[in-house]
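Shown below, as structure tokens, is a lone chain in the form predicted on its own; questions about how it binds or moves come after it.
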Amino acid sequence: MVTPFQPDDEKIPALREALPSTAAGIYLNTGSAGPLPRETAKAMAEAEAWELRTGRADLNYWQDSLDRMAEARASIAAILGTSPSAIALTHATTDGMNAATGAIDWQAGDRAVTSSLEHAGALAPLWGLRERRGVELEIAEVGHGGDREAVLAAFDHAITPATRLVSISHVSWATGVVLPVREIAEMAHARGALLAVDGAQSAGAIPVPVEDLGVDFYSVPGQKWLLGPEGTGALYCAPSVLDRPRLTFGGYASFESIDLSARGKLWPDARRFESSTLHQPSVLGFARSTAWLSMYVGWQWIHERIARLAGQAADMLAEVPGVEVLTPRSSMAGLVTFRIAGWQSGPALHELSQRTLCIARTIPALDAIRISVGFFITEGELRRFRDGVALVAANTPETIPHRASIELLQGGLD
């Protein structure tokens, strides 16, 4: 049983027992999908079994589903430091970024600004605007993002009075840098623009006080650092702009009431951005995972441990000859991106996966490897991974031994 106040030597084994997939290898890809808690999987299975036995069309089931959705909104609101009325449930971060991007009454000649470190989940809606509406898209070149003043200068140059929306990540999926969201929000608002933020690599990894950050929209996924099921997410909409947005998607869930003549009344809160049916066992799982993290693990402990372990991982890798760490040590969250000299990222990761049983991913645009350091990772696993990187870095694809060392394969998980 996990409790918030256990000493780490008791808490870590209990957490790993509660997250069974951490036993499948060195789990370094939470930035793609985090390990599902045993408690979440059990709750979802029970909900699906109930649906199978009883069906999904009963009025009581409908009311119960509304309660589940309210519970999920409340759990996300608590994490983001806001009111449940400011939260809409979505199917993914990408859904929320599309809703935010389409919420503006765009006209030809309007401008949108983003950065050179963005994921397709934010870039694709902007691409659609440029193709369909003639909106000018400005990409602020920020390098790897490690120079804070240079980042702010790039946005200062890019954001003009014609800019209607600034769309950025809080934490870059590519380099892992934490962008100065609060300062960019102030800059955007001073020039009449709104700010939409992709929180895929931040929510659950670092504190995200959306109201203090001054963002207008903030989109998060369920399956990454919040350890929820796939196909879940949420969108924060600041009350100050709620009466301004237009709907990107509209459906039954968007309205408090609508008649056969298409006369309708949108929900007065963020629920107007909810359009379609959600998979109810997944909604339950989303709420269960976030509640488990809040009540049994503890957010302060999670954030502090991720920061410490990710920093250790970056320092370990930086000490390996031939390794270039791209993530700026001074502004990072839970991601660490690096390259190994003489290796393409794909073959290098294949070797690491075979030799250390790590689960990670590549960033093709940078020809780099990215690891996500979750709170459940052990220092022993990080050392084992570092040793694997050192072995690869000390060789070339032609000279690396065909058999992994006994030490790497049998390294402890302390």
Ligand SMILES: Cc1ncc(COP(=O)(O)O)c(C=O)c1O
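Residue numbers run from 1 along the displayed sequence. Treat the numbers as computed from the prediction; the structure is a model and nothing was measured.
The form predicted in complex with the named molecule is left out here; the points below concern that form.
Here is the short version: of 119, 164, 271, 305, the single residue with a heavy atom within 4.5 Å of the named molecule in the predicted complex is 119. Out of the listed residues 223, 75, 289, 175, 223 is the one that sits within 4.5 Å of the named molecule in the predicted complex by at least one heavy atom. Segments offered: 107 to 115, 137 to 145, 91 to 99, 312 to 320. Contacting the named molecule in the predicted complex at heavy atom distances within 4.5 Å is 91 to 99. Taking non-hydrogen atoms only, residue 169 approaches the named molecule to within 4.5 angstroms in the predicted complex. Residue contact check for residue 31: one or more of its heavy atoms lie within 4.5 Å of the named molecule in the predicted complex. Residue 201 belongs to the set of residues with a heavy atom inside 4.5 Å of the named molecule in the predicted complex.
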